[in-house]
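Take a look at this single chain in structure tokens; it is the form predicted alone.
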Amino acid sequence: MAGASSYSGMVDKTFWMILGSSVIMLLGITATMILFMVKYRRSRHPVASDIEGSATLETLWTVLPTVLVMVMFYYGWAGFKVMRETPKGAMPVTVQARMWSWSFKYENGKQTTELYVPVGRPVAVNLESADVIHSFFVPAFRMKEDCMPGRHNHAWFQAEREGVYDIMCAEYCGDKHSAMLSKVIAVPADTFDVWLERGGGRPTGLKLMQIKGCVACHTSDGSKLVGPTYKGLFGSKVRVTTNGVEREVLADEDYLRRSILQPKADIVVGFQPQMPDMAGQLDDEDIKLIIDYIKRQ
């Protein structure tokens, strides 16, 4: 069966070649050790004696490992070269990582929390981080690249068969690192084209919060995660710390807007200031939709 991505088979061959070589070397060295233990045991050689060296053996154990390492290097370099050279015409998708969620933005502005891709077409992912270092890892595709704050990185892949594949973060990024999961959904090219042409329109308040990762830290059922819950928040009195001074504020629209755009301005008592600034990531209409959603909780 073909690999899930265009270069997963190449990566697997390199892995099995290195693993097979390592196993053969392990067995050979272990067998030699056992042979020496039996052949040169004290009962057979009560008096120690010198063993003269062998130029042939010394040449072999210098040349053979060197050749083996160079072969491993070649396969690794050849595979890395393919994985870093994005094919022309690849479909660009911006991947943004944040604690603790993924969001994906397509050329037409459509945004999703799962990565939809066409089978048989290369996809170029532009990797960004809104806060700390994350690592975009799709095990089935044999692809892993870092998302770093303040720096752009890239990778590419081509799904070779339909399916749903796990996305994970392979770089420890805080409390809910293990829950930073999403999916690659590979569909036939014509199905993908129809899906993409529909566009996204403007997402709902809840969808925006899912895309921007708000639901990874906040809930609407009253339970507390990394951040305070939305339930019953609007119109309530909130104890916050502002410039080191604790005070009580009314959770009105101005407070919610300020908390979204400048989350470190008023830190809710009992919580740490971990939320990244959202200024520049949301327009006025987006913020209004989010506030309207919070009002209803």
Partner chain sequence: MAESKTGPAWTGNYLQDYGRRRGLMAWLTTTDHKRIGLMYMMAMFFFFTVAVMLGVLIRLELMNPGMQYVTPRVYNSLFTLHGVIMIFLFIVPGIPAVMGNFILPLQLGADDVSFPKLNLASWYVYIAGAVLALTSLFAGGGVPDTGWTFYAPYALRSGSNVSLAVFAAFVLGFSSIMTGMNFITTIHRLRAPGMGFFRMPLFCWGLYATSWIQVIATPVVGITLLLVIMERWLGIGFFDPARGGDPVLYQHLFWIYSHPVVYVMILPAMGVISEILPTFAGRTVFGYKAIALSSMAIAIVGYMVWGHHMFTVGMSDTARRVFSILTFLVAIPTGIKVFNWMATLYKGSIRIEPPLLWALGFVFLFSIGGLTGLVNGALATDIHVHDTAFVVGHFHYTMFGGAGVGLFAAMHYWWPKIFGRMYNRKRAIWAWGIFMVGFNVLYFPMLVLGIMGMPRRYADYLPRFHTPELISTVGSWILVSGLILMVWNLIRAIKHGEPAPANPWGGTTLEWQTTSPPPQLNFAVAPTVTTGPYDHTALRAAAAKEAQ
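Predicted model only: the values in this text are computed from it and were never measured. Positions refer to the first chain, counted from 1.
Only in words, not in the display: the form predicted in complex with its partner chain, which the text now covers.
Three-residue candidate spot Thr32, Arg84 and Lys144; every residue lies within 4.5 angstroms of its partner chain in the model of the complex by at least one non-hydrogen atom. Exactly one listed residue, out of Leu196, Val132, Ala124, Ala216, brings a non-hydrogen atom to within 4.5 Å of its partner chain in the model of the complex: Val132. Residue in contact with its partner chain in the model of the complex (any heavy atom within 4.5 Å), chosen from Ser236, Thr242, Thr62, Gln262: Thr62.
Although the partner is absent here, Gln210 is not a contact residue: none of its heavy atoms lies within 4.5 angstroms of its partner chain in the model of the complex. Not displayed here, its partner chain is kept clear of Ala279 by more than 4.5 Å at the level of heavy atoms in the model of the complex. Within 4.5 Å of any heavy atom of its partner chain in the model of the complex lies no heavy atom of Arg247. Using a 4.5 angstroms limit between non-hydrogen atoms, Gly79 touches its partner chain in the model of the complex.
Only one of 186-194, 136-144, 88-96, 202-210 lies within 4.5 Å of its partner chain in the model of the complex by heavy atoms, and it is 136-144. Taking a 4.5 Å heavy atom cutoff to its partner chain in the model of the complex, the contacting residues in 22-57 are Ser22, Met25, Leu26, Ile29, Thr30, Thr32, Met33, Phe36, Met37, Tyr40, Arg41, Arg42, His45, Pro46, Val47, Ala48, Ser49, Asp50, Ile51, Glu52, Gly53, Ser54, Leu57.
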